[in-house]
Ligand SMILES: CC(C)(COP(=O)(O)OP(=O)(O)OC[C@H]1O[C@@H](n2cnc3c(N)ncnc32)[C@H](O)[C@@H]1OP(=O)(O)O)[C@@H](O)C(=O)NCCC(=O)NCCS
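What follows is one chain in structure tokens, specifically the form predicted alone.
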């Protein structure tokens, strides 16, 4: 069967459904991670590439030089990878969890070779073991309201970068993208009313897995445990909505160790890591 070529807006629901159906600790993709990647910026800024979908697999050119792949059936995976490479730039990079043996076999046969690059470790947490929310005196944590997209985007930019693609309009679009829920998107409010930390949690109701993505704290209020408090608060809300397991995927290499330490203090335990691969078109 020839893969369907679709814009990401048309493909996203099917991609999320397959990621959810295939979910295990050896799987890379979560519906919330796909939603964030597809909608964290305005479409004309992200300039996302097409997705290629068949029964049992998909491949997405998030950009024409970056490939995401999901599937368990080697024949279906090969079909979507080959279709994506035909539409890609002459050099393409991808990242996959080291446990996704079917995807890795297809990538190797297609000519991908492993490269050195920053890598990420999936961390898992039984949500019955969540610690309590702890905040310094005067600070409070609460869920975002549906009409607060401008403020929510602003605290993200303040924590990450003033040039972040996360604008108010982009965040409003993100809030309309399943499985987003404002009930699991939490912010920490300082004594003066300023929003100073945030955590968005994406609950996949089909699996009960709640993904933490992203978390941030403004530098002026750092080292007070605010990112931890936002994360625990949002995960607690997800648990109240039926989540049973937490997932987070921080950097695993030594160049950026802080987030992994934060999540392990909450109780997350490391699992499989990602590996990066590159393909070059024959000339």
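Residue numbers count along the first chain shown, from 1. No experiment lies behind these values; they were computed from the predicted model shown.
Below, we turn to the form predicted in complex with the ligand, even though it does not appear here.
Contact check for residue 252: every heavy atom lies farther than 4.5 Å from the ligand in the predicted complex. Though the partner is left out of this view, residue 234 does not reach within 4.5 Å of the ligand in the predicted complex, counting heavy atoms only. Under a 4.5 angstroms non-hydrogen atom cutoff, the ligand in the predicted complex has residue 228 among its neighbouring residues. The ligand is not shown here, but in the predicted complex it comes within 4.5 Å of a heavy atom of residue 216.
The stretch among 216 to 224, 236 to 244, 51 to 59, 33 to 41 whose residues place heavy atoms within 4.5 Å of the ligand in the predicted complex is 216 to 224. Listed residues 159, 144, 125, 85 were compared with the ligand in the predicted complex; 159 is the one with a heavy atom within 4.5 Å. In the predicted complex, the ligand lies within 4.5 angstroms of at least one heavy atom of each of the following residues of 255 to 271: 256, 258, 259, 261, 262, 263, 265, in sequence order.
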